[in-house]
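One chain is shown next in structure tokens, namely the form predicted alone.
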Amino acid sequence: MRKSIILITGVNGEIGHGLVRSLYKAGITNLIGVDLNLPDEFVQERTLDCLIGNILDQNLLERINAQYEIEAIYHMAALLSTRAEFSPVIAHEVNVDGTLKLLDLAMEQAQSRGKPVKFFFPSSIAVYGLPDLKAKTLAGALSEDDYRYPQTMYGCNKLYCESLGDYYSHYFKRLSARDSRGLVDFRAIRFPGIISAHTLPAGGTSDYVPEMIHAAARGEHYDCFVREDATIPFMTMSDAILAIEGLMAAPQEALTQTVYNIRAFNPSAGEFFVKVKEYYQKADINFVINDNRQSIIDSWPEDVNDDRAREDWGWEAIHDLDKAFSEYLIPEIRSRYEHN
């Protein structure tokens, strides 16, 4: 018999790390990771196996399909926003074609198992596209259906994959005699910027905030690439993992949609800098604006409305800005750099 497993793609990335940490701590040990590179020792010690390969490799996916029975897929592998702008065609291949292949794997598994396969997809506030700063200010906190006009390849990829997930969940081959509705249980969160104390930023446009605090902790100079008034929502990595767990644990009948906003706090870059200085008084940070990256941040909302997540599955962030520093970032980051 095939062994029942939970599949995590992009397992060596920021969210992949956090998921492995949390799921393993909860006693879930049937984890199989996939990544382009050999994951670090932390991940290897907490997974059944780590497969090295590309999610676009059909042979790899067929091997997984033949060897394992998949309960759930956490699809974290992606080319992030900044890199995607330099390589839009490759980004589309990885972010869209890779997601499509995994949705197809989930459907094939669900049909052979005769029961649904849960599929978690990390979307992003990059799916939004506000035309200018005036519109951004007037719009305030956006709901899931507002301003979905992405201005980046990453945002385009994420928005389309949200629709793909909804299609596989509700409309897959609807002209076929076989009813496949509900066999793929697709669930997505549009994440704000995520700040991790455990892993370094990996190419996101919102990474100016974690880059700022990690540079201060290392005693290094940092040039922040956005204006001091640049504002988008953020959350800690621990709250991001909490949200994933909460959404995936919710009964399907409680969910009124497939895609949810979540948020925790939304300081400007300047406000975040002031907060960093409370803990690292010698922090050497300048604001050296990159106009292109700033224009992307300006197209993203200053905040999002997460009422639906709160109502449907009880979402609530643990960390506001003050708690993010005092209870998570500062203790963990100090421990990290003192240890190293």
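Start at 1 and count along the sequence shown; that's the residue number. Note that the structure is predicted; figures quoted are calculated from it, not measured.
What comes next is about the form predicted in complex with a small molecule, which does not appear here.
Handout entry: Within 4.5 Å of the small molecule in the model of the complex, all of F120, G165 and A188 (non-hydrogen atom)
Key = Zero of three within 4.5 Å in the model of the complex.
Practice task
Heavy atoms, 4.5 Å, the small molecule in the model of the complex: which of 166 to 174, 241 to 249, 204 to 212, 111 to 119 makes the cut? Say which one.
Solution key: Answer to the contact question: 204 to 212.
Exercise for the section: Have a look at A197, C156, L80, A77 for me and say which one sits with a heavy atom within 4.5 Å of the small molecule in the model of the complex. Expected result: Of the candidates A197, C156, L80, A77, L80 is the one lying within 4.5 Å of the small molecule in the model of the complex.
Exercise for the section: Taking 4.5 Å between heavy atoms as the contact cutoff, choose which of I125, V94, L183, C224 touches the small molecule in the model of the complex. Expected result: The residue in contact is I125.
Handout entry: the small molecule contact at W300 in the model of the complex, heavy atom, 4.5 Å
Key = Yes, W300 lies within 4.5 Å of the small molecule in the model of the complex.
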